[in-house]
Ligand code: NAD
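Let's start with one chain on its own, the form predicted alone, as structure tokens.
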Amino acid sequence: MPQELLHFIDGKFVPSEDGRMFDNINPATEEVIARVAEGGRREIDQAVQAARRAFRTWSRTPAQERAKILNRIAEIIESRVEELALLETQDTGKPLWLTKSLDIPRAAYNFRFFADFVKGLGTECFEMEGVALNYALRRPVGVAGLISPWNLPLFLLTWKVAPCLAAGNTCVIKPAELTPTTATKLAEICQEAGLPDGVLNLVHGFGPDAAGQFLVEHPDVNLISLTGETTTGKAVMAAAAPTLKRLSFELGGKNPNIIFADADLDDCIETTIRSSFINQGEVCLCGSRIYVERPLYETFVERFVERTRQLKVGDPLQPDTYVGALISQEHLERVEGFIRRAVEQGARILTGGRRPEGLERGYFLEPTIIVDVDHGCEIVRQEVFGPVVTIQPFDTEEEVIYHANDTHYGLAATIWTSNLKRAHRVAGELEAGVVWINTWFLRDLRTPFGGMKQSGIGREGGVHSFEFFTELKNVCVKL
């Protein structure tokens, strides 16, 4: 019997008033694993009003006290890693070893990091030559609408919730409808940790003309943080415009992975396997456009294809599975459509591009490497968000910088070279919010994270998260 996942409003788990529910499906088995309450305008309004009431007290709670609760949330998450990892794998189709080693530990660390950071957060003070003293007060903004994605559900949800609560705001969460389970568990954990009723609320449901849109449009929501794809960001911006909400967007990416001929090839191959196919390629930071300097091109392609063919695709619960299931049938068909159209336009598949043998159920796709593509081809320019990469040769630094920047995305980029001067020079020229040199996905949470162009608005991490989740008020005192 599938479990029931309910909304969490004002400290209580409640069904939708009209009783509507929808199915939550395990992508690896296609089985219904939960029935989920489907929220609408009424549930969103109840959650927002609960958050508004709770804000009066929570916003005045000392940062030290808020930090204690956040650290308690982290402790509970850490004590339930096995349970949460399994639930995350069942929701997403990703390998269990990945949720256990990355997703859930990082969710706990997000709370610890922002609990510690808020305690030392300062502001500025200026003296006007003995005439006056100006100092800034940092205050929470109000009720935040937090809209999280399906690819890293708890990981990225806590990346929003932790700084939001640390800063003294309250929130209404709208998790992705495809991955509702760990968001529900987070509400349960927050209650167990002693978070006051109404500080965190959760409404399940869909996006356009449903819970997501109603949350964005609600006049008593002060700010919206969204991680999602670019078209969703445009819709959210339009819906938020009438009430002039503060916005933070981390959106899509079509990230270049630039490999020069002097790269450490062994390290490069292994890391590029990760940056291409980890989490089924369903990571906004994946390097889906690989550019290899011509002297290294043939060798890189041969070794990369060989290594890719060694990756096991299959049951996410097996420890040797590297590539699990894509999130849904609809998404699988979308990714397959990109591959099919690329071939129709003259591209060549070196490996992958099909369902693995022996996997009749589940939304599985072999890791796919595509070559002989034109720079203007759809699969080079649009975000695929699956285990699919293109590889293209280049001859000069200027050429590869031009092609790397020739996109409306600007989230991340990776450079592989032994020439440190060139590494710094190219990093400075790339239009990307995050640039990795001879590594990938290495993050210091104090640093700014976010995208340029249509990959996002604003920055997250360290003080940059608090710039979004707080207001600065200047106080001028005549001396």
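Since we're looking at a predicted model, the values are computed, not measured. Sequential numbering from 1, following the sequence displayed.
We do not show the form predicted in complex with ligand NAD, though everything after this point is about it.
A.B. asks: With a cut-off of 4.5 Å between heavy atoms, is Asp406 one of the residues that contacts ligand NAD in the predicted complex?
C.D. replies: Asp406: no contact with ligand NAD in the predicted complex.
A.B. asks: How about Asn151 - does it come within 4.5 Å of ligand NAD in the predicted complex, if we only consider non-hydrogen atoms?
C.D. replies: Close contact exists here: in the predicted complex, Asn151 approaches ligand NAD to within 4.5 Å, heavy atoms only.
A.B. asks: Can you check whether Gly352 is within 4.5 Å of ligand NAD in the predicted complex, heavy atom basis?
C.D. replies: Taking the distances in the predicted complex, the answer for Gly352 is no, it never comes within 4.5 Å of ligand NAD.
A.B. asks: Answer for Phe55 alone: is it within 4.5 Å of ligand NAD in the predicted complex, judged on heavy atom distances?
C.D. replies: Heavy-atom contact with ligand NAD at 4.5 Å: absent for Phe55.
A.B. asks: Based on heavy atom distances of 4.5 Å or less, which listed stretch (163-171, 83-91, 359-367, 207-215) is in contact with ligand NAD in the predicted complex?
C.D. replies: Selected stretch: 207-215.
A.B. asks: Is it true that Ala235, Phe385 and Phe449 each have at least one non-hydrogen atom within 4.5 Å of ligand NAD in the predicted complex?
C.D. replies: Looking in the predicted complex, the three residues Ala235, Phe385 and Phe449 all sit within 4.5 Å of ligand NAD (heavy atoms).
A.B. asks: Among Asn201, Thr158, Thr227, Thr272, which has any heavy atom within 4.5 Å of ligand NAD in the predicted complex?
C.D. replies: Filtering the options by heavy-atom distance leaves Thr227.
A.B. asks: Only one of Ile44, Ala28, Leu411, Val36 comes within 4.5 Å of ligand NAD in the predicted complex by heavy atoms, so just point that one out.
C.D. replies: None of the other options qualify; the answer is Leu411.
A.B. asks: Which of the residues spanning 174-189 lie within 4.5 Å of ligand NAD in the predicted complex, based on heavy atoms?
C.D. replies: The stretch touches the partner through Lys174, Pro175, Ala176, Glu177.
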